[in-house]
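Encoded as C-alpha cells, the following chain is the form predicted alone, with no partner shown.
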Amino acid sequence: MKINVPLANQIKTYSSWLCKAKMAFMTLMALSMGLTHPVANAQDFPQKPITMMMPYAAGGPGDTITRLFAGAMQKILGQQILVDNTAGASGAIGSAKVARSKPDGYTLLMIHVSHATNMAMYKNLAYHPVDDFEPIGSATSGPMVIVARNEFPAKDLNEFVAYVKANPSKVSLAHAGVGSASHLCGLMMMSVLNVQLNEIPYKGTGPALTDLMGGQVDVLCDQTSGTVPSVKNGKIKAYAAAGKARLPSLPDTPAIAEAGVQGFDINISFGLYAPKGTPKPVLEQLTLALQKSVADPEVRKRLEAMGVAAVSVEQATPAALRAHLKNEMETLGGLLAKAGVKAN
C-alpha cells in the first residue's frame, strides 16, 4: 500500500514538534520544581532539631542567655534546639563553624560584641561577620557598670571620676582579655575620662572578678549579668552605670552622665544569625519565633534577674540587628585602633 508523501511529511513534522514540546514542558516543570523546592521546604520548617551555636564557654552569662532563648524558641517552633558550646578566639571558632554550615536554618549563631570586633582582632578571620551571615534579630540588651573593690577610696561617682583623673598611675583596671566586653568598656571609660589606667588582663571575667573581690585590683567595667550579684551581696561596690539612665537592677547606682561625663554609652547585646543564603521564609519563621520569645513574660523576668533586658519586638528584626552590627564595628573597632590593638 502506498503512503501519500506529503501526508507522511506532515505526520513526521507533527511528531517532531510534539517531541520538542514534551521536552520543553518537562524542562519547564523541572525548573519550576527547582525554584519552588526551597520555599516548599521552608513552609514545613523545621522538620528536625536545630543547633544554636554559643561560641563561648559553658556556664557564663552568654551560655545562660543562649539556653534561655533556645528553650523559648523550641516551644514555638515545635522542634528541639540544641546548644553547641564551641569556644575559642573570642567566638571566632564557633562563628566560622556556623558560617561554613548548610544555609537551611538548622544551624544558628548567638553571639555578642565579638562579632563586631573580631575583624579588628584577627588578620585572617575565616569568615566575614556581614557577608557570611544573615541577621535574624537582636535578643538582649546588656548594660555595663563600673565596679571597684570595697576599699577603693572614692565614696561616690563624683569622687571616683576625680580620683582616677588625679591618680591614673595608681589605679589598676582589670578586664577579661583583649577584645572582651570588659576590655572595650574599660577602653571607652578611659577615653571619655582622658586617662590611662594600669590595665590588668585576665583569661575571662571570673578570675578578674575574683581578684577584684579579693582587693588585688581596683576597678572593673563589665556587664551587669556578671557584676550585679556581687554588688548586691556587698562583695564589691558599684560607681556608675554606662549611659544616660540608671539601671532597674541597680536603682541606687547613678548613670555616669549624672557626673557630667558624656559619650560613655556602651551596651553588650546578643544577636541571632544564620548562614548566608538561608531561605527568606525560613529566616522569617526564625525571626517570628525570636520576637515571640523576647515578648515572653517568663523570658523577660529571668533576664531581668540577671541584670539583662530583653529587647523590644521592633529590635528583634534583621534590619535592627544589621544596623546595630554596623554601628558596633565602626565604634568599637575605632576604640581598639585608638588603643593600639593590632590584629593578630
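In this text, rigid core is short for the largest set of C-alphas that superpose within 1.5 Å between two forms. Computed from a predicted structure; not experimentally measured. Numbers for residues come from their place in the sequence shown, where the first is 1.
The form predicted in complex with D-malate is left out here; the points below concern that form.
Only one of 99-107, 175-183, 258-266, 73-81 lies within 4.5 Å of D-malate in the predicted bound form by heavy atoms, and it is 175-183.
Listed residues 318, 275, 46, 61 were compared with D-malate in the predicted bound form; 61 is the one with a heavy atom within 4.5 Å.
Listed residues 138, 249, 95, 205 were compared with D-malate in the predicted bound form; 205 is the one with a heavy atom within 4.5 Å. In the predicted bound form, no heavy atom of residue 224 sits within 4.5 Å of D-malate. The closest non-hydrogen atom of residue 56 lies within 4.5 Å of D-malate in the predicted bound form. Shown without its partner, the chain has 112 as the single residue in segment 112-142 with a non-hydrogen atom within 4.5 angstroms of D-malate in the predicted bound form.
Superposed on the core, the two forms differ at residue 220: its CA moves 2 Å or more between this form and the one not shown. Relative to the superposed core, residue 184 undergoes a Cα shift of 2 Å or more between this form and the one not shown.
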